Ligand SMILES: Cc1ncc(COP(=O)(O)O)c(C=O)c1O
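Next comes just one chain, in structure tokens: the form predicted alone.
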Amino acid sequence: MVIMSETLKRDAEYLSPALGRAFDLVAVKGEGSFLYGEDGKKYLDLTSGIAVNQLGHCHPEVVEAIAKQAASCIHTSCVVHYPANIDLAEKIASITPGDLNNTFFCNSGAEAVDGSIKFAKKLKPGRTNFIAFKGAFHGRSLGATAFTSSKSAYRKFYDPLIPGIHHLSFPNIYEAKTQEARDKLVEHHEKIFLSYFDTVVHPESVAAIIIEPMQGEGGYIPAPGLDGSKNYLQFLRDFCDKHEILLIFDEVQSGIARTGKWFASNHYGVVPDVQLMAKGLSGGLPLGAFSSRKELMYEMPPGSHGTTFGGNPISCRAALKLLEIIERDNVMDNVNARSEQVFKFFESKFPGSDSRKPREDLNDKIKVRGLGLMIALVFPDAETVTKVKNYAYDKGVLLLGCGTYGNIIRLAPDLTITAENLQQGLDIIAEAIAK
């Protein structure tokens, strides 16, 4: 029998159950790649708060930046201007793709999605339709929920949602075992895409297309365009240019160096009209943003969108320090090195598991895919995932699942995790699979 701690009893009494927890663990401290429970047990955190804590828990320089800003100014809202907000917007302009140089700050990824949709409606009056993709997760606010389709459970109680949103298939090239088959799969999805505009929605009625260059909650699936595959994001870019449709990249989870570049779209060489970011932007504090070109952003007059807490001085200073450290310490080099460590480890333990490149000899027990430190371990069923997660938890390793059918474990550790700490987690996962 599991005995519930007094803390968890109070949690059940006073906190809404709507926000579920992956584990009945009460964490009282975080440091680097580890969390510490109230019972004193140490846990290797391979979730990093769902791809948020890019520098691990409580990075001392980020903590110092937070404390310094808190002692100076905590909050002003939109009453006045303040330097932290401006400094961060300027920094973001230097890392966003192409010529995206103007930013609106908010509190979360869902708010970034909602803001970008309002932005598209303002820029494209009379165009009432939007295109999203099956398997996508864009958030849980009422607006973002309408674009989310990774699981029907997220939408279950809330119909009718925003009208005019059309979900098309996201091409998963991992379904094909040869390069030729992968190219044909992408071509097939391109034909379905174009056919939809011939038969259902006219392009001139579409304000924007929103896509995750790498699907997150849907299963850590990169868009085609890597390893020699046809570039699906470029296909969308060309289509949007032809029909004057805005292209929105939701990189709330895949952004801020998680894939080994500032944004996953950098791997494809494609520049969107609107770039969304949140999660890892401030290393743990609430902060989201959407960026575009200044001439487009200035189409939204004062008061056409707003926020009370978005771009909070403390969050902005934390974000600035985080971006500084990522550049200074070459953190993306570590991301790429640790990523290869994961793929090589599983390929050595389970030959045929590395599914990045097409192959006929795919392992039927586990397949590994992803980019940077956004890696999916794909299992035959959700039951296996539950067993692996529980085994790892008992051994002091925190893992999260994802995917429409719950058959995927996502590895999203902090971007500064050491080879030794990562190996500790991988060894335990391999033990669990073997059992």
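Computed from a prediction, not measured in an experiment: that's the story for all the values here. Numbers for residues come from their place in the sequence shown, where the first is 1.
The form predicted in complex with this ligand exists for this protein as well; it is not shown, and the discussion that follows is about that form.
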To test your reading of this chain, name the stretch in 209-217, 196-204, 293-301, 223-231 whose heavy atoms come within 4.5 Å of this ligand in the model of the complex. 209-217
Contact with this ligand in the model of the complex for G139, defined as at least one heavy atom pair within 4.5 Å: yes or no? yes
Is the gap between A110 and this ligand in the model of the complex 4.5 Å or less for some heavy atom pair? yes
Just to confirm, V252 within 4.5 Å of this ligand in the model of the complex by heavy atoms? yes
Quick one: does R317 come within 4.5 Å of this ligand in the model of the complex, counting heavy atoms only? no
